[in-house]
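Here we start with a single chain on its own, the form predicted on its own, put down as structure tokens.
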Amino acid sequence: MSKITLENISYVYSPGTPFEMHALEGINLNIRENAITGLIGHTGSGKSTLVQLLNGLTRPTSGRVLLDGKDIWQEPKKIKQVRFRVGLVMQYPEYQLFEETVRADIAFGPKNMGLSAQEIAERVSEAALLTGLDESLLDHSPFDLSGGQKRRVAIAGVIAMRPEVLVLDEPAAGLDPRGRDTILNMLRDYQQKTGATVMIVSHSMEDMARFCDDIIVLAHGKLVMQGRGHEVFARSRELSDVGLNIPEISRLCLMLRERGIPMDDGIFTVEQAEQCLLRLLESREQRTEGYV
């Protein structure tokens, strides 16, 4: 079932001026409920513009954004409520931290929702737990934390509003490999524990392959493909045509097949490749034993 649907969405920057630019053209897509969807595309493909449309931060030039089947702009005066339901975490969100303590920063969103002090305190503790922040850090200044911890504080501030949909623009950008894995594993755990709908924007094909159920591909402001991860990554030639590459492990498996090693089709994670190789080795050992 679709949580968010985009119907014939277009967005034009500076319309009617010499600087007019079509960022999105005729986008029709569905974001599946209770799943992690990855949004990929080269720089300038329209990814950031698209995610800003999902919670009404930006209004489309034409077309409709539907949340649970209802146009989010049907009642413009209620767009603030949509933003509580669809939480948006912008790129490098730690630069937007401003409160004196971690606790106060996480509480900022719930306070704007008009919740009671008790409810806010419960949500702060819940969000800290879901994002892996130790309770002992809540009364520290967010500016004393590591880069990865600051990122988690910023994400916790959105999670504390308990959005039905969580959208993150490059949530692992600028982090080292361990930090990337920590953030992305945290988001996967969060989705599994809460059942929320999650969208992750990233340029890393490896991250998308490992952590996302569904994949959406944009190129030059248009939808190129959408489907389950294995379906999208199987279309390696089409991805290459729009300036994207399949995950490195998929490329390696293709090379092995070309050399006569019967690797399975549709491998796009290291874990899948490992399982396939183990099966091949076990099969070879069984054949060898049969000749003894």
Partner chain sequence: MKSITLGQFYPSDSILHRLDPRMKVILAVLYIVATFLCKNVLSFALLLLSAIVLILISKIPMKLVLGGIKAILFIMAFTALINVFFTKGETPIVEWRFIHIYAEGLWQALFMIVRITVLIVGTSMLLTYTTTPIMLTDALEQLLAPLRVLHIPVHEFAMMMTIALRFIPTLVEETNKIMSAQKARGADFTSGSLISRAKALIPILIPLFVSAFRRADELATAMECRCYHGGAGRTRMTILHYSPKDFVALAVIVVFGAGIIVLNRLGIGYTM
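Just so you know, these numbers come straight off a predicted model, no measurement behind them. Numbering follows the first chain given and starts at 1.
Here the subject shifts to the form predicted in complex with the partner chain, a form of this protein not shown in this document.
With the partner left out here, the partner chain still marks one of 65-73, 222-230, 51-59, 22-30 in the predicted complex; by a 4.5 Å heavy atom cut-off that stretch is 51-59. This chain is displayed alone, yet in the predicted complex one of 196, 201, 88, 120 has a heavy atom within 4.5 Å of the partner chain; that residue is 88. Site annotation in the predicted complex: the residue of 136, 112, 185, 192 reaching within 4.5 Å of the partner chain with a heavy atom is 112. For the three residues 211, 237 and 246, a heavy atom within 4.5 Å of the partner chain turns up in the predicted complex in no case. Using a 4.5 angstroms threshold between heavy atoms, residue 162 stays clear of the partner chain in the predicted complex. The partner chain is not drawn, but in the predicted complex it has no heavy atom within 4.5 Å of residue 124. Residue contact check for residue 157: one or more of its heavy atoms lie within 4.5 Å of the partner chain in the predicted complex. Interface membership of residue 96, defined by any non-hydrogen atom within 4.5 Å of the partner chain in the predicted complex, is confirmed. In the predicted complex, not one residue of 223-237 has a heavy atom within 4.5 Å of the partner chain.
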